[in-house]
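As structure tokens, one chain now follows by itself in the form predicted alone.
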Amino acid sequence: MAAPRTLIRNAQVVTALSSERGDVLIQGERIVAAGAGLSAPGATIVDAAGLLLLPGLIDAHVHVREPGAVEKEDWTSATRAALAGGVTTIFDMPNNATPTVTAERVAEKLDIAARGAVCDYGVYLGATSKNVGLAARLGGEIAGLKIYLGSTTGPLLTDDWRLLYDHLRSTPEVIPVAVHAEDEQCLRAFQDTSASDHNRNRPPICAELAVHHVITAARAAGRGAHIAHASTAREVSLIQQARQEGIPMTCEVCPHHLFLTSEDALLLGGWGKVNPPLREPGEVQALWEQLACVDIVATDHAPHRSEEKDHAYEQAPSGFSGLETLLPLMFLAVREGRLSLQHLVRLTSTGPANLFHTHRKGRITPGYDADLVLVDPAATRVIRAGALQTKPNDTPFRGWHLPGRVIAVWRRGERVLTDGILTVEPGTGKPVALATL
């Protein structure tokens, strides 16, 4: 029996290179044709006139929290939030209460994801002093290796240059090595500098020092590394300089570091606390000016219970939800003229697919998975607490009026969201096909 077909007609099809009126034909899980004037007798027709069709977003930096703190988030709630925001693939970080640092923990997490996820997924291995070389042995089972140079939420910390170098040297280049780049000794030097200003307690110099360490270790190891959540223009400049020297460094920026400042953090209290911190307004503007040098945008979706975030600054944990605000915030940047639609796709779909060697994802091309997002660019959505899929059901962007309402989402050819309504069962997400050694 032939697989069902869907023809999306008259959409503004946006890729990393173009934005043109056209049609996309889906059969089964794959895109089988893309172009103008397509015909498909018997196919389900979706009229997308006046709407934008994008590749499904790939968020390479997500903290699902399960196993462990399922009261904060679990694989079903996190991936429902992802689909609601047009994100069809996520990569989960390893700093759970019981960290993902062994082959057994990787297998356990993949098993939990297989039972709960509703979008596609991959998982990171966390680096420790006891698992040098394990990333190479796990190969295509992991999305990447994560190294924490500074203390943050969770138990992982690698604050020794030699250990950083050993992990880089022992991990094949085809496996991305992502680094939380804040220098631990620097953080200790500045801790408790302020009673309420997180940016003063974890200042930009701590990030700059850590990026220096990563670049020198990468140069010595003969490979590149990926800097997670770069929050300062200086970090991006160092990465760009390293590239000019032949070191294949890459980096990501989070929407909250582009749209919120240290001034907002003081107003938001616990809801403005995140690692690395929100930076001063001038630093945020400088980061926007460096955006052309950034490889991907990722959320660092790190949910905590609302009761925890409502605490005063000192008691509140760092991190907050971001999966459902990623796409509308980036549409806001398009509306403000800060980036083009094609650049948005490069940062959120094609770029992550390239960086993490995610096969058949991130493009509207025949043969690729039919992960697609239909967006009404003229519609505005008010972000409201209590109206989100993530368990905390709140965000520092509450009350913001954001453009680009998600009308429909297809996950591997199946329409899983229509006008904000998800129709999807736990366990229907799949592990993504990753590069093998």
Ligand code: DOR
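Just count from 1 along the sequence shown to find any residue number. Note that the coordinates shown come from a computational prediction; the quantities given were computed from them, not determined experimentally.
Only in words, not in the display: the form predicted together with the ligand, which the text now covers.
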| query | For the spot marked by T153, A302 and S318, is every residue within 4.5 Å of the ligand in the predicted bound form through some heavy atom? | reply | yes
| Which one of A230, I364, A127, V274 is close to the ligand in the predicted bound form, taking close to mean a heavy atom within 4.5 Å? | V274
| remark: From H180, H167, H226, R80: within 4.5 Å of the ligand in the predicted bound form by heavy atoms is H180
| Is N95 close enough to the ligand in the predicted bound form to count, meaning some heavy atom within 4.5 Å? | yes
| query | Even though the ligand is not shown here, does H63 get within 4.5 Å of it in the predicted bound form, heavy atoms only? | reply | yes
| Just one of 351-359, 81-89, 118-126, 274-282 has heavy atoms within 4.5 Å of the ligand in the predicted bound form; which? | 274-282
